[in-house]
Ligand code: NAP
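Consider the single chain below, provided in structure tokens and representing the form predicted alone.
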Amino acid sequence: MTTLQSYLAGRWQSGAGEGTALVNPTTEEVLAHASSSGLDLGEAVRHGRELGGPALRAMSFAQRAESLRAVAAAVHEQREALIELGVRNAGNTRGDAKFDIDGATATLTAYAGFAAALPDTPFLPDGEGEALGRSPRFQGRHVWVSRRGLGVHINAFNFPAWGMLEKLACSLLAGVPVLEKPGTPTAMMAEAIAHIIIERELLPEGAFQFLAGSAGDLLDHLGPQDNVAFTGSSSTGQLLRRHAAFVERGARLNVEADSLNATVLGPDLQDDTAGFDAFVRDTAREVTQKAGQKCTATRRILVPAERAEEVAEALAEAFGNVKVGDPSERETRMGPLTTAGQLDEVQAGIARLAEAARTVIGGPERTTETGYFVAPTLLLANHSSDAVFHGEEVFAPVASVLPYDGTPGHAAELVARGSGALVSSVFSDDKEFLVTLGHELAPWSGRLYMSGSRVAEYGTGPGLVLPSLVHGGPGRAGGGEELGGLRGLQFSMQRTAIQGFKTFVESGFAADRPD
């Protein structure tokens, strides 16, 4: 039996006891165990701060970028072996596993490219200097500098490669060491990547640490220069916010939580348009990719009331074309859920939604005797304002069609009832409808995806997270923000205002100091 290891304080370690079992969700076979019991996490925090931080800060942005490229290349080299782990341990189809791994390496490469625009200084300028009085000799400006702490990254189970390496890219380029804690149920791929990074010595010692198993007392060791980037459920995010590390000691916290993402079909798109075809195609993919286990998955589908039945049937046909089964088989397009506990939650969640809706396709029943399989499920709401559709997320291939009156105002009202989303999408060829609704949805959305016939063949789909655009959202979505190009570095850095003699301020106190 495999026991996952942690890499902490410069050595590979195993926790005491069996800990958590990791299974193959297709066969329910136990593949490995992960435990962090007895590990000295305080030592790991100090190791990162005292060794990894100074080593990274001694490197230029260009040198850090080269390290990111090296990690991307090494992970890509092991792509096939990592895909196999995704299939076995996470129930991913080959396509889903590639999506995870390729997203991770693409993000690393993108951040290495962003570094080309950065100066050869230990800080990032934030605007130009300006005179602060009658004489231009006394000036002020803002700069970003690396914080002197550790970046703790608590990642979700659904993207063991992408979730870990996108956070790593931003933190390391900012000059801050990381301790990565993957979601335990699917941690085999993340541990394999950790071995690649450590065994090939791709990063300075202390710049990268890895924790398999529970976070234990890790947060108890964090202080005002440390930060935590968390991806996971809204309920866990709320618990983290109350921890003394943030409330009393001032550590930073970024929360990216799951949300009830909505897509809106404009009343102008008829079923013979390219825009309508894109709506059906993209919605079916966003609901079923990764078996619906995506933070950006579409959960609410707003459709003009007079077309609700017709559109629901078109979507049900697309759902029905998704072959569900053993993810190791190449023709399979959707595998199982990840754990038995998740299957139980999903079955109960579908049943609650079905009390206020008609099930168009799918349902809560298991589709096999072995494995955590459910069918793609689409429901048509009896009343689109029912609170269950705007308050309960079923983290699975499940979505609900909500009829609306065809106006931007009603659509915006329904979307806002979800209390904040990572992404909201609108499909329409009516510019006025797009603009009006877009303005109303923007305050509730971390990202807006606006599509129609003119971009149907070019669009990425609303669920694709791009390194150049921010990822995160208000309210229920956690209120955090990741990526966004160079904006992604700012969470790991301190913006400081400098006041003083002009040449000192202009140099950012790094060189050309005044006599």
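These numbers were taken from a predicted model, which means no experiment stands behind them. Just count from 1 along the sequence shown to find any residue number.
One more form of this protein exists, namely the form predicted together with the named molecule; it is left out here, but the text below deals with it.
Proximity to the named molecule in the predicted complex, defined as a heavy atom within 4.5 Å, holds among 78, 359, 236, 419 only for 236. Checking 425, 171, 377, 231 for any heavy atom within 4.5 Å of the named molecule in the predicted complex turns up a single hit: 231. The shortest heavy atom separation between residue 182 and the named molecule in the predicted complex is within 4.5 Å. Taking the partner from the other structure, the named molecule in the predicted complex has no heavy atom within 4.5 Å of any heavy atom of residue 283. Taking the partner from elsewhere, residue 105 is found to have every heavy atom lying beyond 4.5 Å of the named molecule in the predicted complex. The shortest heavy atom separation between residue 288 and the named molecule in the predicted complex exceeds 4.5 Å. Annotated contacts: 213, 258 and 393 all touch the named molecule in the predicted complex [non-hydrogen atom within 4.5 angstroms]. Exactly one of the stretches 201-209, 236-244, 431-439, 109-117 approaches the named molecule in the predicted complex with heavy atoms within 4.5 Å, and it is 236-244.
Residues of 153-178 placing a heavy atom within 4.5 Å of the named molecule in the predicted complex, in sequence order: 154, 155, 156, 157, 158.
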